[in-house]
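Just the one chain here, laid out as structure tokens, in the form predicted alone.
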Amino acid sequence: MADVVILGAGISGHTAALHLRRKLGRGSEHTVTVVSPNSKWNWIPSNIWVGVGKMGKPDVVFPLEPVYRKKGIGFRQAKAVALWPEGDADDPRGAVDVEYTGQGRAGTTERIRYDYLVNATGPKLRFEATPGLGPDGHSLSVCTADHATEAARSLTETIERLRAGEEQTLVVGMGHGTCTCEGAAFEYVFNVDHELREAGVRDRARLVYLTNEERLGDFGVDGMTFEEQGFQTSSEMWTASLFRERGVEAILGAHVTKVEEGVVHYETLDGEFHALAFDFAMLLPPFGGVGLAAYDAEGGDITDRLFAPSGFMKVDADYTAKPYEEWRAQDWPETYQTPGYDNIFAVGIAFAPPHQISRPRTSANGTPIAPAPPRTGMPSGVMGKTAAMTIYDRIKHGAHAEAHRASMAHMGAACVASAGADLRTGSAAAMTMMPVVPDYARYPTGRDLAATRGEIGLSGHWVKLMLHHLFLHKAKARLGWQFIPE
């Protein structure tokens, strides 16, 4: 009998749990237990639509416990606080300490034993990295369904002021120089633009996109090159055309230093400091690890052995510090196993990337201003399934069964970024890239031109809406869920 514990019920963790239970069989002696501080699953990509009022919170969340009960998966509504990968004085098996956040046990603790552990905790939203950032400060967020609901309410109020004849400045973007998820900010700014146009008030609104990207179309992956009928164009040119068409201003290479009521302060790559007055601001936070500690069997602190300074878990990547020119696709992890512990995996945002994908940059003052690597959506699902398949093989065939592999340097990804939600007048930027991490040794542009594409149009919106319903169907483990790709 094997006990598998999965920390986190986001895209990676939830995917891993469903596939493991499916493969092991509902009536098997092996247990699968999910630990998550949240009682509900959230399809985060559609928070963008919640944030402009096109969807409500009930459209993007559902309770986890009924799904897990139906599938024979254990569920603890709790947050993980510490790992004991070598066991403790009472039991040599690994263990995780959790603190309950619900199920009538809030505040109580438990030590859960495991034979295999998947860390899919996702990120800590580090609003505190920028003074005044976030819903508890002076800006908005769409990182959670509740945050997005608040953003929609504020946007509605802004539109009403515009209708009353007031001019308004709306700022959307990144709240720190090391943020990731530029794609989400890109989506949101163009959905806001669409809502302003639908309300007939776009002419009185100044809409600004504030980003740590050095150039448009970077998206944290160093941009892309598209080829159409033999002609190559960059994602920078492709994206900039949309900004020009919609009249959205872009402030590039920016690190937000603080947010005051109605004013965002930022530094740019040239070392200059600026202040921008706003009436509405949605600024995303940087991400960090959730803050797990780790101990050896004697209680000695081994946190630094398992985790990078960022709080993300180390895996089978090459973390050697070296210049950008020496970074290689082979530096990226393939199995997501933690070094020294072949029964621990870290997937999705929880693993520590070996380096950035975009070129690292600092301002003239030495401030880092560059996107962190994205590890969300499709790649997260693939990683979760990959770890699940490795664990299944080892349970069934022995601990030395070969690990499944899914390097982001060999993995493709598709992204459909909404640019306005409407069945008739909406649009979306549909992008595919292969691989996610560019490999200049294999491809002159870093990626396979035959599989790296970009297109903007109404059909992209239909695809985005279809994916919303498909992935909710999959996450609810409804009939045929396993046939819907990650």
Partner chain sequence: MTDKTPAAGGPVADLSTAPLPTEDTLRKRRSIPLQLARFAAYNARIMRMVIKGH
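Numbering follows the first chain given and starts at 1. Remember, it's a predicted structure, so these values are computed and weren't measured experimentally.
There is also a form predicted together with its partner chain; it is not shown, and the following applies to it.
Colleague: So, residue 431 and its partner chain: in the predicted bound form, are they within 4.5 Å at any heavy atom pair?
Modeller: Output for residue 431 is yes: heavy atoms within 4.5 Å of its partner chain.
Colleague: Even though its partner chain is not shown here, does residue 102 get within 4.5 Å of it in the predicted bound form, heavy atoms only?
Modeller: Taking the distances in the predicted bound form, the answer for residue 102 is no, it never comes within 4.5 Å of its partner chain.
Colleague: Report yes if any heavy atom of residue 252 sits within 4.5 Å of a heavy atom of its partner chain in the predicted bound form; otherwise report no.
Modeller: Residue 252: yes, in contact with its partner chain in the predicted bound form.
Colleague: Would you classify residue 44 as touching its partner chain in the predicted bound form, given a 4.5 Å non-hydrogen atom cut-off?
Modeller: Flag for residue 44 set to no.
Colleague: 275, 411 and 457: each with a heavy atom within 4.5 Å of its partner chain in the predicted bound form?
Modeller: Every residue of the spot touches its partner chain in the predicted bound form.
Colleague: Out of the stretches listed (133 to 141, 192 to 200, 76 to 84, 167 to 175), which one is close to its partner chain in the predicted bound form, meaning heavy atoms within 4.5 Å?
Modeller: Heavy-atom contact with the partner occurs in 167 to 175.
Colleague: Looking at 302, 152, 290, 415, which is the one with a non-hydrogen atom within 4.5 Å of its partner chain in the predicted bound form?
Modeller: Residue within 4.5 Å of the partner: 415.
Colleague: Check each of 90, 325, 298, 261 and return the one that places a heavy atom within 4.5 angstroms of its partner chain in the predicted bound form.
Modeller: Filtering the options by heavy-atom distance leaves 261.
Colleague: What residues, if any, in 446 to 466 have a non-hydrogen atom within 4.5 angstroms of its partner chain in the predicted bound form?
Modeller: Counting only heavy atoms within 4.5 Å of its partner chain in the predicted bound form, the contacting residues of 446 to 466 are 448, 450, 451, 453, 455, 456, 457, 458, 459, 462, 463, 466.
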